[in-house]
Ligand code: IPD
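Below you will find one chain, with nothing else, as structure tokens; this is the form predicted on its own, and questions on how it binds or moves follow later.
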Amino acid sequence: MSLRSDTNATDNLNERYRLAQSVATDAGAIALEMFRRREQLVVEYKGLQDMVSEADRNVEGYIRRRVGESFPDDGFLGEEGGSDRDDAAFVWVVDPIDGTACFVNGMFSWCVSIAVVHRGEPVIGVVYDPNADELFHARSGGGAYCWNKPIRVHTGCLLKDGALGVGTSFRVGTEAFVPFIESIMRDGGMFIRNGSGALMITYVAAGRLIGYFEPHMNSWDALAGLVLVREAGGVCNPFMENDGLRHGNPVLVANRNVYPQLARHAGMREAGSA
């Protein structure tokens, strides 16, 4: 059953939307305090290009508790703590600190990312950047905002009209990424990578980047930003297909003019899906 046809779910959506914004800003404040004393943090490595600090675990634990207090029947999927009832009607998908490598090394490219999925459809996206004090938020059919200001995707018609965000990881080989970079450079494209995929997808929603591509992202990194892009008038590839919630998928987002161009460079089908 879709959200639009589920009256009770629709009635409850705004309550979850308000909670997601409140929790994101409060969790961001906790993370920022730990960032300011990061020299004291214990940092571990989960694998290549994948680290976790006690800040990640503490912030996720705080978010999980807040959600459980208000919506005990909702599911939860977090980067650090794993899943709990991820087959529930509503599932909260959380990255407590996206950009941990930046966080522990004193760089500002990190954020708190919270999404809510209803029966397989991402319906709420909240990304909070504590360093810039920017709260980006969106809900299905409600538009996208930075605090109270509406945001929209870039208006450019060509890839070279703006800067492109890119990301990759050791989960995929170089063959999934290097040819894409070579292709967009031949087409006059400019690109950046700031260490936080969630922030860069959000910057597409805010019109700061013209698009974003990553060969594979986990759902906790991607979903909040994808809701923001969709509600800001952009196009996203169908991330949730093939159980993207649990296993992740490629991410390609842009405005409607640039998306087909990026899809060709990435070797993906051109028809985007919100």
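Predicted, not measured: the structure shown is a model, and the values here were computed from it. From 1 onward, residues are counted along the sequence shown.
There is another form of this protein, the form predicted together with this ligand, and it is not shown here; the text below is about that form.
Q: Only one of 189, 78, 130, 99 has a non-hydrogen atom within 4.5 angstroms of this ligand in the predicted complex; which is it?
A: The option sitting close enough to the partner is 99.
Q: Exactly one residue in 171, 152, 85, 119 has a non-hydrogen atom within 4.5 Å of this ligand in the predicted complex; which is it?
A: Only one listed residue qualifies here, and that residue is 171.
Q: Within 4.5 Å, heavy atoms only, one stretch in 90 to 98, 70 to 78, 133 to 141, 154 to 162 touches this ligand in the predicted complex. Which?
A: Of the stretches listed, the one contacting the partner is 90 to 98.
Q: Under a 4.5 Å heavy atom criterion, is residue 196 part of the interface with this ligand in the predicted complex?
A: Although this ligand is absent here, residue 196 would touch it in the predicted complex, with heavy atoms inside 4.5 Å.
Q: Taking the shortest heavy atom distance, is residue 231 within 4.5 Å of this ligand in the predicted complex?
A: No - in the predicted complex, heavy atoms of residue 231 and this ligand never come within 4.5 Å of each other.
Q: Any chance residue 60 has a heavy atom within 4.5 Å of this ligand in the predicted complex?
A: No, no contact at 4.5 Å.
Q: Would you check, heavy atoms only and a 4.5 Å threshold, whether residue 216 touches this ligand in the predicted complex?
A: Although this ligand is absent here, residue 216 would touch it in the predicted complex, with heavy atoms inside 4.5 Å.
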